[in-house]
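A single chain, nothing else alongside it, follows as structure tokens in the form predicted alone.
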Amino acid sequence: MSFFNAFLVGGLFCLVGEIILDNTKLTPGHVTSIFTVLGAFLSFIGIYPKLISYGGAGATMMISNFGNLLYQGSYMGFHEEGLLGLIGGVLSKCGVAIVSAVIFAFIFALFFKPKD
């Protein structure tokens, strides 16, 4: 059942993204930003952690989870260190993902050349 729930949640996010791309003049970069902010907002109101517990990988593999992690890191930093921790804790939960994305992008750029 967990595979079905992950497929349902991930598919719902993809469906919303495709509807936005097909019916508006927004670019994929705009939609990425919208989903990141949406993930942070859903985390703020307490829905995203419930979505993760229901959908598992279907919710954690989406770009909206990046917004969730940004919010969670800021929230945790604020409670541990106050206002300065709000700024410093932003990347504490998602730093590994950012560093690995940069490293893998560099490695793939070494082996693959873009087409003209």
Partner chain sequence: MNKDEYQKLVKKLEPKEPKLRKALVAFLVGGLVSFIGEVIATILVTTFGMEKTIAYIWLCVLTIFIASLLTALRFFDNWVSKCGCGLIIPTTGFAHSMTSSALDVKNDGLITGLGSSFFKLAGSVLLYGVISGFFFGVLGVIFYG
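This structure is a prediction, so every number in the text was calculated from the model and none was measured. Numbering follows the first chain given and starts at 1. By rigid core we mean the largest C-alpha set that fits within 1.5 Å across both forms.
Keep in mind that the form predicted in complex with the partner chain is not shown, yet the notes after this line are about it.
At the 4.5 Å threshold, heavy atoms of G56 reach the partner chain in the model of the complex. The partner chain in the model of the complex is approached by H79, whose closest heavy atom lies within 4.5 angstroms of it. The partner chain is not drawn, but in the model of the complex it has a heavy atom within 4.5 Å of V37. Mapping the unseen interface onto this chain, L86 counts among the residues with a heavy atom inside 4.5 Å of the partner chain in the model of the complex. Residues G56, A57, G58, T60, M61, M62, I63, F66, L70, Y71 are the ones in 56-72 with at least one heavy atom within 4.5 Å of the partner chain in the model of the complex, listed in sequence order. For G82, a C-alpha deviation of 2 angstroms or more is recorded between the shown form and the other one after rigid-core alignment.
L8 shows a C-alpha shift below 2 Å between the shown form and the other one [criterion: core-superposed Cα displacement of 2 Å].
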